[in-house]
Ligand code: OGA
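Only one chain is included here, represented as structure tokens and corresponding to the form predicted on its own.
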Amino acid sequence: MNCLLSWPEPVVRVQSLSESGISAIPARYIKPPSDRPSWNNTAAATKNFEATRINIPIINLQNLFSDDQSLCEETLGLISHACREWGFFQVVNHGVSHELMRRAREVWREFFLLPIEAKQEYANSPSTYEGYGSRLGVEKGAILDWSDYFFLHYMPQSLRKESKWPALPPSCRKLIREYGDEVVKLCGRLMKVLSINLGLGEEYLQNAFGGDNIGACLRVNFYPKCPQPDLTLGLSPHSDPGGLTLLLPDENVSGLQVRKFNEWVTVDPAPNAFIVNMGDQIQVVSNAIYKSVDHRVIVNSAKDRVSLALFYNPKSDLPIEPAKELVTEDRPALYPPMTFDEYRLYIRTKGPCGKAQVESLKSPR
């Protein structure tokens, strides 16, 4: 763990680079040609998807609570299909106040617009990643992403340190609590749905993740405008290492891309929707019936972008393994038991690396 005590090089704030008026980005942010956004290819792929009306599923959760059993089952089926075929979907009518969503996003936008000195008070280290940061991974000389972020622990309560949350803007800490409570509740409801769809008891996944002792973290992403968006990425391709992710996207600027049919599809956020995706721990517990999916973020030459990602994770010291009910002679357990603490050390050391980690854990068959 000594490698995670400090950053290997002085930290440069991407926002400061963006605001300095540079016309060319530093070499540290230039991706190899094969990893660049490939604007022409991306645009063509998106056009093809639009032409065939294929898009990330948008699911209305209102019918989950309907007295009409057929409507409820239809919604369960839509979620099941999205989990199996995409690993990503959007949810509307999810029960979280639209006004709360707007206020949460805006207070964080205000935080990132504060003077650099005010934000530097919360500068993070790789030992916990808590606070204001500008890189993932501690490999010296690594090619970096064009983004800054703020990372905080929300659950369990024992890890929640509100003194490490921004004191400015004045409403920030209160909004973090209000928003965190509501989104964690929504994650709990979705975990029940996933459990039911896997043929397990509705509390199975929640209990496998530690019951009331689950982990929840918030990462707020700030993607400054970039003079050469064709050369870099806001966030490199990766699957999320945790359980379930709920993303509140920027309402004005698209940027999230999901890999589908070996193409990158730009997600067009629905109004007042959350974007939900499966993490690696759900892939493990479901024995790869549900799969986490590669995704990345492109940046914009004209506009900054803000998004809030709530990661709903297993209790960090609890071994996670495939559910016994989903292991058969024909489909043996694909993954060995591993705690989330052990698992996430990989991304905290190496940074985003596609799906290399979860795929490397598969048992030989």
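Numbers for residues come from their place in the sequence shown, where the first is 1. All figures in this text were calculated on a predicted structure; none of them were measured in a lab.
Below, we refer to the form predicted together with the ligand, which is not included among the displayed structures.
The candidate stretches are 336 to 344, 24 to 32, 293 to 301, 319 to 327, and the one lying within 4.5 Å of the ligand in the model of the complex by heavy atoms is 293 to 301.
Taking the partner from elsewhere, residue 305 is found to have a heavy atom lying within 4.5 Å of the ligand in the model of the complex. A residue is said to contact a partner when one of its heavy atoms sits within 4.5 Å of a partner heavy atom; residue 177 fails this definition for the ligand in the model of the complex, lying far away. Interface residue remark: residue 238 is counted as part of the site for the ligand in the model of the complex, having a heavy atom within 4.5 Å. In the model of the complex, the ligand lies within 4.5 Å of some heavy atom of residue 219.
The three marked residues, 108, 154 and 168, fail to reach the ligand in the model of the complex, with no heavy atom of any inside 4.5 Å. This chain is displayed alone, yet in the model of the complex one of 96, 104, 191, 247 has a heavy atom within 4.5 Å of the ligand; that residue is 247. Among 59, 309, 64, 56, the residue placing a heavy atom within 4.5 Å of the ligand in the model of the complex is 309.
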